[in-house]
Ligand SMILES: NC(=O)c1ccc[n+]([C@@H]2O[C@H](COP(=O)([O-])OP(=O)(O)OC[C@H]3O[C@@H](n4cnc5c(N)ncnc54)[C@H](O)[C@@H]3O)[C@@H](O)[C@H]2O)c1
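Only one chain is given next, in structure tokens, and it is the form predicted alone.
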């Protein structure tokens, strides 16, 4: 099951799992986008189903997970990608924007992950991967709500991992750095250059690189990995002074 799978990283992850032969439940708040991605999967590689899901609605999250289990016979892996962002200076951020971002990015993550975990417990096996962000490690200008929500998602993954470890369920997170997606397509060249300047590999990530991390964390090869946040960010999270001009 992949949430936020109608576009961007979620779509890329859904397609990548399908290429591995997995049946994929494509969930997105935009039902038409979910149907299109499910159609892409069915036309080429694997079984898919489309589901409309507002992750911030507790009842909808529980209902969607139950629907996926009924159609596919269970949920082996949940990859939770659904999120929103809005760039606003801290001093100017309206309360309603703060609430919306936290509600979707954090509360929505809790709702979906809890619902999926409750189903996985019955089978004593499951993989949960939450998509966080490198802004969850370090502050980010004009992203107060987004960065706070993603830092909380990282901690939520750790807490879930502790509580679910004895129940056969692993929980990990992925923290992408700047990545080429529809969400970043608006960025002008000067913003891209500025972001790349702080990435040791000096480029944006590719969706398929994020998807590869999700596939690993959901695989048997990652059976002893839980409570971990995998940074897929070209070295950004581990970087300090990376420009020689600043080191002299």
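Numbering follows the first chain given and starts at 1. Everything quoted here is computed from the prediction, not taken from an experiment.
As for the form predicted in complex with the named molecule, it is not shown, yet the points below apply to it.
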* Asked: Hey, of 216 to 224, 41 to 49, 177 to 185, 58 to 66, which bit sits against the named molecule in the predicted bound form at 4.5 Å between non-hydrogen atoms?
  -> 177 to 185
* To do: Answer with one of 84, 145, 152, 117: the residue that has a non-hydrogen atom within 4.5 Å of the named molecule in the predicted bound form.
  => 84
* Go through 128, 160, 131, 101 and name the one with a heavy atom inside 4.5 Å of the named molecule in the predicted bound form. => 131
* Within a 4.5 Å heavy atom cut-off, is residue 29 in contact with the named molecule in the predicted bound form? -> yes
* Asked: Within a 4.5 Å heavy atom cut-off, is residue 24 in contact with the named molecule in the predicted bound form?
  -> no
* Asked: Looking in the predicted bound form, any heavy atom of residue 209 within 4.5 Å of the named molecule?
  -> no
* Does the named molecule get within 4.5 angstroms of any non-hydrogen atom of residue 54 in the predicted bound form? -> yes
